[in-house]
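Presented below, as structure tokens, is a lone chain in the form predicted on its own.
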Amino acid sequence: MTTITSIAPANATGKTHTRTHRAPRRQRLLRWLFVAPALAYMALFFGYPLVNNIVMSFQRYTPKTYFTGEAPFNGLDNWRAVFANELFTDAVWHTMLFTVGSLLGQFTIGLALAVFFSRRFRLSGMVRAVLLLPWLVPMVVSAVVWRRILDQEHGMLNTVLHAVGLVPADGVPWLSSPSVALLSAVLVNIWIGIPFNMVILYGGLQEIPRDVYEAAALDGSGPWRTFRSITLPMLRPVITVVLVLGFMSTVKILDLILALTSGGPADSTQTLGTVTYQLSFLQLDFGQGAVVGNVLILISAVFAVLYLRANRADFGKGK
């Protein structure tokens, strides 16, 4: 009896020890099974095109390649040709101006509207819904409408401005002048992006506790000081999201520019997105088009990393 009693707990302990080792393995396997479809999707639809685009930038890839399958390796020739192209240099400068101008306008007006609508009033919901329309309309449709509005001879904007005596009879060449076309594209993009900024920032403002504002009012804090010392710091994570997402969608913009100006006049509205399109689908030099595409991917990746680091820092402070 003594021998049996001493062996039984040992066997039971052994079984328990084996089960405790098997359980984490099953949990890890289940986790990977749940994650596997997402990983496969990203590898197929993001990883493969990205790797293929990088490889293509080092090849002489032409329409002939689709029939022969031959894409000879040409080293850094595509990269040298792109960086030596004056159009690429101008496009980088135009992209920077377009992106910075758009983000400043969209964020400033969006934040002002979000603060305005955070003070509830009658019909505020209906007005917010109307302001969402530019964001809901497809960008190409918006661009075509604005192209008609900004037309120098028959556009509504010049007609109204001339009626109030602000412009001469021949109007302003909003889309046909190299000195004005890029500004016009920026203004149209600001109009399109305001609703997105307003909605996200409005949601962030609703998360700020009301008692914080009440305490500030009791301390004698004025509206501007309250906004600068309470609203902006507590809204910082949302502001980071808005600016980074806005940057990543603006820096690669293509359809708006093509529908408004097609990159003209005199290449004054050429951006990195339109240069990629021009090299790849008009000049049919897919290798050089892939180079410009890789530059865009690199720029977006840098800002994505900065966004993740900022979020991590905010999360660490919250902890």
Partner chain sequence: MPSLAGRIRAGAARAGGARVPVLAATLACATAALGLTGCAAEPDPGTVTVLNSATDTAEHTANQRFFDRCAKPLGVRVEQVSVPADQIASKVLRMASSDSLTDILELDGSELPQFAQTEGLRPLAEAGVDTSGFSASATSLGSYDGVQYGIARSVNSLALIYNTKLLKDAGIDPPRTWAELREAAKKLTAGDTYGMAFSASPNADGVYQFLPFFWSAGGDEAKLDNGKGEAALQLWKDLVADGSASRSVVNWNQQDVNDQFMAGRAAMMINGPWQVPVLSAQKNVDWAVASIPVPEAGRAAVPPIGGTVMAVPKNEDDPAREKKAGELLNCLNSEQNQLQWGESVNNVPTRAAAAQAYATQNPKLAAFADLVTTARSRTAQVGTGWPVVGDALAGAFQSVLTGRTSPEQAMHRAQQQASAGK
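Positions refer to the first chain, counted from 1. The shown structure was predicted, so the numbers you read here are calculated from the model rather than taken from an experiment.
Another form, the form predicted in complex with its partner chain, is not on view; read the next lines as being about it.
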- Note on the structure: Among H162, R236, R128, R147, just one has a heavy atom within 4.5 Å of its partner chain in the model of the complex, namely R147
- Message: Using a 4.5 Å heavy atom cut-off, which residue among M42, V35, A266, L29 comes into contact with its partner chain in the model of the complex?
- Response: A266
- Task: Considering its partner chain in the model of the complex, find the one stretch among 95-103, 241-249, 175-183, 221-229 with heavy atoms no farther than 4.5 Å from it.
- Result: 175-183
- Using the partner position in the model of the complex, report whether E153 sits within 4.5 Å of its partner chain, counting heavy atoms only. yes
- Item | Touches its partner chain in the model of the complex: A304 (any heavy atom, 4.5 Å) | no
- Query: Is E86 one of the residues lying within 4.5 Å of its partner chain in the model of the complex, judged by heavy atom distances?
  - Reply: yes
- Task: Decide whether A310 counts as a contact residue for its partner chain in the model of the complex under a heavy atom distance cut-off of 4.5 Å.
- Result: no
- Item | All of T108, L133 and E207 within 4.5 Å of its partner chain in the model of the complex, heavy atom check | no
- Query: Are there residues in 66-84 with a heavy atom within 4.5 Å of its partner chain in the model of the complex, and which are they, in order?
  - Reply: Y66, F67, T68
